[in-house]
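This document opens with one chain alone, in structure tokens, the form predicted on its own.
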Amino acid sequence: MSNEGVIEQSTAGLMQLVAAGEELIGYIYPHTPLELFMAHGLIPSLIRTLPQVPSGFEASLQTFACSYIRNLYSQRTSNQMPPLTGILFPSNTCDSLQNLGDIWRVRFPEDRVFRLTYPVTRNIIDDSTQRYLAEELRLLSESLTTIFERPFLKESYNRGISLVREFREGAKFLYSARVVNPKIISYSDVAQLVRVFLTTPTAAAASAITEAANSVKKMVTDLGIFENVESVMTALVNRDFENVQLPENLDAPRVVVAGGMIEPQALGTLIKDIPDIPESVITLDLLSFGFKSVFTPPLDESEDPFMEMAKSLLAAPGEPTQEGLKHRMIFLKDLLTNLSIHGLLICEQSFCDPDQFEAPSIERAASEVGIKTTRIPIDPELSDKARIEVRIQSFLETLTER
């Protein structure tokens, strides 16, 4: 299915939820506590960029606003967003996102705008950081109770935990199976399943991922590589690759895609459209709405809800920031070395300062372990699609030659 087709499917799913009387609350940042919204009887829906929406509004946005921010703002001004009862903006993530929330409040005063402030040192997990974020989550919960008159219900919270856990367990297995054999299920199919759940996190969306994972489990069992897949999944969860076992005679080349808030489905479609390049060259992505959303740790129902959500968010794979850079680069080098990777595509959201900060470090880390890289600037509209395709094709051809 094309990227546009998936968008239409997600939009149709949202409209069905609204028609059924559900209230949607939009979120932008990948590390958002979905279970918290579900505990209040709300449906969290990831607000994504739309390729058919032109960016603009230079008179309304700061000069440092990236293409991602401009696309989101354009969606709202042109009334192309789904009917949301509220929208959550993050603080302490990047200047563009934080300022967009401020502008949104002024430009659209009729919208219910919420904000969740993350700790500055969010990649360092200690008691004080956890307590800080837990208190921020508690305050957000109180705001939801007051504004929507929907209290935090433990039963709804537990159902949310179960639903998100089902999604992540199935998606983690699919990701890990593709590392062992990228042909077992296409990258676009996995990206589509993840996208649909994050946009419409329903039981049906979670079941679709579970069914796909069960089908893949049967295939890898028949191929005799089930233990290989489990060893990869354990390594990715624990970020320890000491016991990874890959089968011999892996297809080549094997490519990892690194980056931030790049749309995985759009990337998969982009690769698929390049002549003579199989989509299976993508072995793994490390993107915000892919790997980083999937490999966020699960919650424990028996512990304090707000502390559990804080611990999970803080332990999730980190976004491009100076804090935690060293640990992310160590993880990257271990991953590239132990998963037999040949090349690294570094995707950068156009004019995104965090992405451009991280990219040189990723290049250097890959070079230190002998992995060839290329940097691909991408905007949500894929306005320079032909040039991007040529650059990716040339890069993959050099890997094939090697």
Partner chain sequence: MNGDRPSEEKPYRRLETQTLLQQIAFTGGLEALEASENGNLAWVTSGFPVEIPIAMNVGVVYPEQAGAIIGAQKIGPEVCSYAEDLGYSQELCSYARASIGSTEKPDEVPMGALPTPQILLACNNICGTVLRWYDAIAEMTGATVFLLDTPPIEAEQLPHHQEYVRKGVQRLIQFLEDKFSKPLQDERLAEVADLSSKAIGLWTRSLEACQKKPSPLNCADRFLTMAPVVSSRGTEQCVDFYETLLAEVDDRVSEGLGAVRDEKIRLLWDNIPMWYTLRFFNLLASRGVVFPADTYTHAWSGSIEGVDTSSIIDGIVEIYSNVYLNKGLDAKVDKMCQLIKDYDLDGFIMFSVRSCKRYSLGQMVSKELVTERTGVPGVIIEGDMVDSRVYNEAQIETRVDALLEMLM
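Positions refer to the first chain, counted from 1. What you are looking at is a predicted structure, and each value in this text was computed from that prediction instead of being measured.
The same protein also has a form predicted in complex with the partner chain, omitted here; what follows describes it.
Student: Residues in which of 353-361, 46-54, 33-41, 335-343 have heavy atoms within 4.5 Å of the partner chain in the model of the complex?
Tutor: Among the listed stretches, the partner-contacting one is 353-361.
Student: Exactly one of N238, S128, S302, N249 has a non-hydrogen atom within 4.5 Å of the partner chain in the model of the complex; which residue is it?
Tutor: Comparing distances to the partner chain in the model of the complex, the residue within 4.5 Å is S128.
Student: Heavy atom within 4.5 Å of the partner chain in the model of the complex: which of A203, A315, I103, L223 fits that? Just give me the one.
Tutor: Checking each option against the partner chain in the model of the complex, the one that comes within 4.5 Å is I103.
Student: Tell me whether E22, S156 and S162, taken together, all sit within 4.5 Å of the partner chain in the model of the complex, counting heavy atoms only.
Tutor: Heavy-atom distance to the partner chain in the model of the complex: none of the three under 4.5 Å.
Student: I'd like to know if R115 sits close to the partner chain in the model of the complex, meaning any non-hydrogen atom pair within 4.5 angstroms.
Tutor: Yes, R115 lies within 4.5 Å of the partner chain in the model of the complex.
Student: Would C347 show up as a contact with the partner chain in the model of the complex if we use heavy atoms at 4.5 Å?
Tutor: Contact check for C347: no, nothing within 4.5 Å of the partner chain in the model of the complex.
Student: Does Y132 reach the partner chain in the model of the complex, with heavy atoms at most 4.5 Å apart?
Tutor: Within the cut-off, so yes.
Student: Residue-level question: is A65 within 4.5 Å of the partner chain in the model of the complex, judged on heavy atoms?
Tutor: Although the partner chain is absent here, A65 would touch it in the model of the complex, with heavy atoms inside 4.5 Å.
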